[in-house]
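Form predicted alone, single chain, as structure tokens, below.
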């Protein structure tokens, strides 16, 4: 590149992917050049604008974007080819991780097929991140620098827990309690499905088989609010890998209101620990209620992408997480 602007691709054009387009439009250091989904890909070396994406129907594909879109059933392969041609430096994965091994298998493909750059995800489930960890050798042997669990939780709150832990000789508990509000669940279908998969009686496979009408029925039964406790959230394995706390000391839960944009409860991380003097205390980190789920996921994700790109420039590859690196603010 001659202008020192990083060329970014997004895989996934649902609610999170489309919000990422709007965020990147406000950044000068990153230029969004490619967006792929299950039906096609759009590429524009000058940058893809949010107006184009916003014009799509909720279920529409980027393949229908005039002049820059085309059909393909292999958007990931197209992005790998763009990377090999020097046209993409980094990828944000905004695709739903259903089935649970979808993103882990995708990473293996990127590594095997010679992707040379940075990849960032916002994975949630512990079991999915465990599968990523199982591929660490293949990632390290490739030219990929991969940052996993780099959203809000895991992500922003995981990093906050790591930072808070530094005051203590021993961490006794990490509690993450989040609140998410959305105008309607259709905006973030994949996210809501993944949340329902954490409810008693459901898992990723059973939720994957549900129709939209089934999801509507479940939400009607709960008056649109999903309450989650003791979630299988990857904050636990990431903090354990970082040496902060064992998995059983990390507890994640929250409330998701699928019918109101206002958060039903503030999102917070509270870490309780014992200092070297033997005192027990807590540090808390609370997110502003006005910040949306998209803002708290995407801002950190691209911050970790920037940090990853700086390391990649120095020849560093391999697997990292939100508990390993400090994100860099993207201007």
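Numbering follows the first chain given and starts at 1. The shown structure was predicted, so the numbers you read here are calculated from the model rather than taken from an experiment.
Beyond what is shown, the protein has a form predicted in complex with a further copy of the same chain; the following relates to that form.
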Candidate site 314, 317 and 325: all three near a further copy of the same chain in the model of the complex by heavy atom within 4.5 Å: yes
Listed residue that, although a further copy of the same chain is not shown, lies within 4.5 Å of it in the model of the complex (heavy atoms), from 122, 244, 75, 250: 244
Among the candidates 54, 46, 67, 290, the residue which, in the model of the complex, approaches a further copy of the same chain to within 4.5 Å (heavy atoms): 290
Partner proximity in the model of the complex: residue 50 to a further copy of the same chain, non-hydrogen atom cutoff 4.5 Å: no
Contact label in the model of the complex: residue 275 to a further copy of the same chain, heavy atom within 4.5 Å: yes
4.5 angstroms heavy atom contact with a further copy of the same chain in the model of the complex for residue 294: yes
a further copy of the same chain contact in the model of the complex: residue 168, any heavy atom under 4.5 Å: yes
Heavy atom within 4.5 Å of a further copy of the same chain in the model of the complex - qualifying residues of 152 to 166: 156, 159, 160, 162, 163, 164, 165, 166
